[in-house]
Structure formats: structure tokens, C-alpha cells
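Here you get one chain, nothing else, as C-alpha cells; it is the form predicted on its own.
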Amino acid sequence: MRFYEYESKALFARHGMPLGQSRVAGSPEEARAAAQAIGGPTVIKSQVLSGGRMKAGAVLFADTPDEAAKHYETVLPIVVNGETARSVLIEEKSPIAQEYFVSVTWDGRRKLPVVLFSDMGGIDIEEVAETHPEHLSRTHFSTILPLSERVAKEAIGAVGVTGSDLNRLVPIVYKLMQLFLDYDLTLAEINPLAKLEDGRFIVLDGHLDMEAEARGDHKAVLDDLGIGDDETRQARPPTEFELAGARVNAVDHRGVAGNVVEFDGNLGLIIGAGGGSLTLFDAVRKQGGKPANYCEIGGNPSMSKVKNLTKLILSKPGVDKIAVMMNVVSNTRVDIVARGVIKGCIEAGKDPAEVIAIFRIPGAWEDEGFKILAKHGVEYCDRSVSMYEAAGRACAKLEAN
């Protein structure tokens, strides 16, 4: 779940990080008032979840309040990587002497958080890693041992920063590490972290990504920021299809039938078992299939929940068939999932035998589930058929249409 820049900065402020004056504007008049309150030159920034704002022309500079209001009208409608702005941030323009980059994320191989630090901020960190690797440090730290400023100091010093700059940067990087752990983030990034001409350091831009499963633990904070329960907040705002999927999942506490992500393919997917859903999604794509969606199902969802998820996916324009698959033997009752999927097809006005390309869910009560599927003429397979083969069968049926 991704935060907008102004929300990220609200959390930065809670951790005492140095920030410039800024205000969110929802109209040209508010932009003018914000610039007047700030005083002096300002930066007008489109508030989108994706990167690339500067390249898209969605960041402009203003010398006067009237110019800020004019730039607001210019910036707001600009589409950045397919995303329109929610609002505009008006921020004081700072005289920059040096730009740095710092982020905290997870290293999947080491299974530890890692601090990435560079004294070449303001540009893509991938470019720095490729062309100037000596200007990028990687420093891991423990989630079990007490957090220490020593890690921040090592990360900064590894690229050659010394003296007073090192001492002033350490608390900022350390606080970013704290924020990463406190809010169960998958990414906490500041780019650029700027040294001003007067020697002060200030956070100019940054963003945060939170683990979706941690939302419940931080509901109070999300409520304070005005982030609704129905906002999936990925790299773009949720579509109506995705919001509908979240509503299906929220109706009933039993099991999971959600995490719906919309794509533009013709094969609807009802897939599950944690990482198995990603594996199945990739298996469909590898064999030439075009997924209409990603989702997750498991943990014994109710029949009604499965039914409504099925109806939602079948209602998506362009969906020709659906594939119902899970990867491992689990406690999810196959008969309940089978009943839900079939009832969803029927209520959607579809013939289950025609629209269900494959059903592969090994688990509890599978014999009863297979009897229900056979009664309706649905092709199913047991655990002897691999995930990859099951996905291939679904893709072959679509090709045969």
C-alpha cells in the first residue's frame, strides 16, 4: 500500500525529520493562499502514487502566489504513468547545495532490512548503481537486536561522507529506519535528501509503502491521514473493479477472497494459497494466457464470498472463462469453493461447464467437491496434476474458442 508524498511527509514529521513548509491544495485559490502563507518561491507538485512526475512536467516552480495558482491548473490534469493527480502539494523552494538518496527496504535473499545510501541523489538510483556503484552503499541491520545509529553512520560513511555532514545525516537516516520498522513498511525512501546552502539538511521528496496485511495494526494512523479502508493504494489508485473486490472480501470475516487487481486479459482467475497465487498467475502468463485479474482465495471463505467474487470476475468485460486453482493441500473446503463458484456462474447467467476452464483445488472435502463439479459438467483435476499443467489446460481452452 503506497502513500502519497504529502502523507509520507506527515509521517516523516511525526518522527521529527526536517521538512520545508508545505500545504496541500485542492483548487487554484488554495494554491495561491498556500504560496502566500509560505512566502517566497514555491514548488508545485502533482500528488500521484507513481514516479516520473518531473519528466511528465507535473512539477513546476513559482515565484509568486498568482503564478502558483496558474501552475496548479497546469499540473493538476497532467497524467503521470496513466494516473491523474488527487491533489497538488505547494512547498517552499529550497536553495540546494548537495542531494543525497536514502531508502530502507527488504532484502529478500538475506531476509533482513537494508539501508541504501548514495551521495548522488535526485536521479534514478538504478542509474547510480550501474554507472557509479562506488557512490551507493548497502547496509543490513537486524529486526531482533535494538536499533542503533551505528548502522546509519556506517551506511553514510561507506560512500565517503565525513565530518559535520555525516553527523547531521545520521539522525535522519536513523529515523527513517525507525519509521520503516514502526509502520511495517516494505519501502521508506527519501530522494532527494538535500543539504541546503546554509548547511541545513531537509527532506525534499519521499514516499512510503506499507505491507497490506499491516493495515489493521495501523488503522488509527491511516484514519488520521484520511486513508479509507477501501483504498488498495498500489502504484496507482484502485479501479472500481478492485474496490468491488475489496467490498466482497470485507462483507464476511471468514477466509480470504480478495486482494483483487485488475488486468486487461480474457481469463478470469480465482486462485489462492499465498505465494501459490503468484505462481499460478505467472504460469498462466508463461503459457500465453492473458489474465483478467489477480486475486487470492483461501482460509475457508464462505460460499457466499466465493460466489460474489466469481460473479464480480465474470462481470468484467472481456472475460471469456475463469480458472479456479490453488497450489497445495490445505484446510480450505473444496466443496464450499465448488458450490460458490458454480452458484456464481449460474447467477451471472453462465453455464458452469462452459465458463469454468479448469478447477484444481486439492484440500478438505475434495471428493464431495468433485461430485458437485461433475454434476455440472465442470472439468476438474486433483493434486496429481501440477499447477503449471492446470494453467496450461485453461489457456488451451481459451485458444480453442
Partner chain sequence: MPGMFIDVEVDAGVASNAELVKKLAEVCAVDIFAAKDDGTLQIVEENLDECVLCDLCIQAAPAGTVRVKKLYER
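Numbering follows the first chain given and starts at 1. If you superpose the two forms and keep the largest set of C-alpha atoms that fall within 1.5 Å, you have the rigid core. Note that the structure is predicted; figures quoted are calculated from it, not measured.
From this point on, the text means the form predicted in complex with the partner chain, which you will not see here.
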*the partner chain contact in the model of the complex: residue 304, any heavy atom under 4.5 Å*: yes
*Contact between residue 49 and the partner chain in the model of the complex at 4.5 Å, heavy atoms?*
no
*Quick one: does residue 70 come within 4.5 Å of the partner chain in the model of the complex, counting heavy atoms only?*
no
*Give a yes or no for residue 339: in the model of the complex, does one of its heavy atoms lie within 4.5 Å of a heavy atom belonging to the partner chain?*
yes
*Since exactly one of 353, 37, 346, 364 fits, which has a heavy atom within 4.5 Å of the partner chain in the model of the complex?*
346
_Under a 4.5 angstroms heavy atom criterion, identify the one residue in 86, 140, 286, 254 near the partner chain in the model of the complex._
254
_the partner chain in the model of the complex: contacted by all of 209, 214 and 218, heavy atom 4.5 Å_ = no
_Heavy atom contact within 4.5 Å of the partner chain in the model of the complex, the stretch among 389-397, 6-14, 19-27, 373-381_ = 373-381
*When the two forms are laid on each other by their rigid core, does residue 308 show a Cα shift of 2 Å or more between the shown form and the other one?*
yes
*C-alpha of residue 86: shift of 2 angstroms or more between the shown form and the other one, rigid core aligned?*
no
*After fitting the rigid core, is the C-alpha of residue 200 off by 2 Å or more between the shown form and the other one?*
no
